[in-house]
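Below you'll find only one chain, the form predicted alone, shown as structure tokens.
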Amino acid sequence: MKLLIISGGSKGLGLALCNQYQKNGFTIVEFSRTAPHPFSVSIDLSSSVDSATVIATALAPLSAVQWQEIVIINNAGTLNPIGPAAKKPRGAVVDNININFTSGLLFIIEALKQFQGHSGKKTLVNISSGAALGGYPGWSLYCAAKAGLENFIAAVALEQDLQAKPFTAINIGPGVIDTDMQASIRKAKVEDFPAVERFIDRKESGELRPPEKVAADIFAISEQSNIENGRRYDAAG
């Protein structure tokens, strides 16, 4: 038996990943606010402490099952609010960091805690971004969270090297995908996101890849027999 645990699988890339792993024989557990699937668990990632309790409760019975393979994918994220850091309301800052960073940490930590003692292949995937590697004006919170998670995974990978039954922990950059997030970016005001025209051009020139193709690339990476612990991979273009 094979298990996929994923955050943010209600739409876009997350939904495509759920479909990709499900058709390859994985049991799916998906965490999201809208929780649209039979295998979904409703969660509010903007409330990080409460979300950690929901995650722990959902994963506890699964940890008693002997899985042949376990894949954990941290995917949930939001760009909102887009705009200069000085203009962001305090509450929106807290919600953004909880969704993009704090709840992501807690999601990963709880999954590691529940399944660390399991034998078999275990892969931890953080869906990263180009925003983890450099700043974008208007995306300060998103960039901060993505960079933090990328380095968190690098540290977790080193910790896993010391475990008797380790996870392989990796970051994957998905590239530019034709999702609702990209649609929201294209609607941003220039004063909030000066690079908006570049993202409009990407759509018009056909640079955005379908979520299904990116999901297939991510699946292929996670299923490699020689996957390298701690590495950042990029989904094929």
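In case it trips you up, residue 1 is the first one in the sequence shown, and so on. None of these values were measured; they are calculated from a predicted model.
Not pictured, yet referred to below: the form predicted in complex with a small molecule.
- For the candidate spot formed by 116, 166 and 221, no residue has a non-hydrogen atom within 4.5 angstroms of the small molecule in the model of the complex.
- For the chain shown alone, residue 107 is not a contact residue for the small molecule in the model of the complex, no non-hydrogen atom being within 4.5 angstroms.
- Contact check for residue 52: no non-hydrogen atom falls within 4.5 Å of the small molecule in the model of the complex.
- Although the partner is absent here, residue 171 is not a contact residue: none of its heavy atoms lies within 4.5 angstroms of the small molecule in the model of the complex.
- The closest non-hydrogen atom of residue 180 lies within 4.5 Å of the small molecule in the model of the complex.
- Of the stretches 128-136, 153-161, 83-91, 107-115, only 128-136 has residues with a heavy atom within 4.5 Å of the small molecule in the model of the complex.
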